[in-house]
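There is one chain below, alone, in structure tokens, taken in the form predicted alone.
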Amino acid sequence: MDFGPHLLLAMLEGLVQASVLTLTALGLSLVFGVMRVVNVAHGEFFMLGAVLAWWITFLVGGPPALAFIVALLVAPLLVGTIAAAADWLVLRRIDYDPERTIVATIGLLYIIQQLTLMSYGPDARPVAPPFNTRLALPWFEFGSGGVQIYWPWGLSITSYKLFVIFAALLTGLALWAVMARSRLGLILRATQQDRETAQAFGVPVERVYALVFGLGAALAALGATLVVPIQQAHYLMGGDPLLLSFIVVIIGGLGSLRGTVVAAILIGMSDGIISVFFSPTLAKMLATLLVAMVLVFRPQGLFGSKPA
């Protein structure tokens, strides 16, 4: 295969990774932006979404499309409910203190991981995609004779991967509409700006925090549910999403949803392309180096605001 078509295929694979990473990082950024706490257990909520998606498809059975639709609806809802319960049982009791929250979510990380190991087991298990048609990809060449379109043999992508990109785009637009155009978004922004003032105006801050913590975990679980037909669900799969989400949030700017999306696309695309042409390890090294450069030259991130 020529370099051009190979690069196109690597970019599409990177876009799939960027789509899943966008959902996962948006959940982490939303929690930090509104609650001002760092959720170290975010990767385990991602893992829990993938494992629950496998359990649901296994229990529902029948056509893969029907089982997957049920998992896509139920798994994020269950994970969001578990996260909201964890907020009520743990984080609220320590008054969302930043330092103690980090320790508490580390403990939550190990609890979720070990409970999953005890119930699900150590094996990695796949989920059948609802549809998996291979689509040939065109390659465009420009010359003296105008534009020529080729359909190289072997250059293709599955329809399900295109669905993952579309689903992430639709979810991101829905989240933007909620944050920018709805009364709920106004309440979330007010709580983010000044917790005490919002509470004085009758905003139930503790309920808002539980909702935000649950929504952040549900976004991570949605990304995991979408990716589990491509990857396999296992109890240790939360590490990489957590690391990449932190990288994305730091680069984009803490609490900036717009910066999170831009950084997720940048990191996801570069990770996919570098992994194809070189190695996944090199991709992680370069992403970490980029974080170091951002912290040195622009500590607030690409779209973050400087502290007053």
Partner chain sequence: MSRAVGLHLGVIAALLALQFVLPAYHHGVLARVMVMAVFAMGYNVMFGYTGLLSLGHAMFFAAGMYGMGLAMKQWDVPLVPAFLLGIAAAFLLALVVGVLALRTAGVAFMIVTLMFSQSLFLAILHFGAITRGDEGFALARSLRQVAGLDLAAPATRYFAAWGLFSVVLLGTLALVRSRRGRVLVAIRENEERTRMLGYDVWRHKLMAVVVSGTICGAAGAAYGVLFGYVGASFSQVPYSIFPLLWVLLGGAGTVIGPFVGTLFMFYLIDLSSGLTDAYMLVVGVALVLLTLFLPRGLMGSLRDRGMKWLP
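For the two forms, the rigid core is made up of the largest set of C-alpha atoms that agree within 1.5 Å on superposition. Residue numbers count along the first chain shown, from 1. Only a predicted model underlies this, so the values are computations on that prediction, with no experimental measurement involved.
The form predicted in complex with the partner chain exists for this protein as well; it is not shown, and the discussion that follows is about that form.
Here the chain stands by itself, but in the predicted bound form one stretch of 101 to 109, 158 to 166, 216 to 224, 126 to 134, 101 to 109, has heavy atoms within 4.5 Å of the partner chain. Although the partner is absent here, Phe246 lies within 4.5 Å of the partner chain in the predicted bound form, judged by heavy atoms. Although the partner is absent here, Val38 lies within 4.5 Å of the partner chain in the predicted bound form, judged by heavy atoms.
Using a 4.5 angstroms threshold between heavy atoms, Gln114 counts as touching the partner chain in the predicted bound form. With a 4.5 Å cutoff on heavy atoms, Leu12 does not count as touching the partner chain in the predicted bound form; it lies far away.
Checked against the partner chain in the predicted bound form, the candidates Ala174, Met118, Leu73, Ala85 yield a single residue with a heavy atom inside 4.5 Å, and that residue is Met118.
Contact residues in stretch 58 to 89 (any heavy atom within 4.5 Å of the partner chain, taken in the predicted bound form) are limited to Leu89. Core-superposed comparison between this form and the one not shown: the C-alpha position of Leu286 differs by no less than 2 Å.
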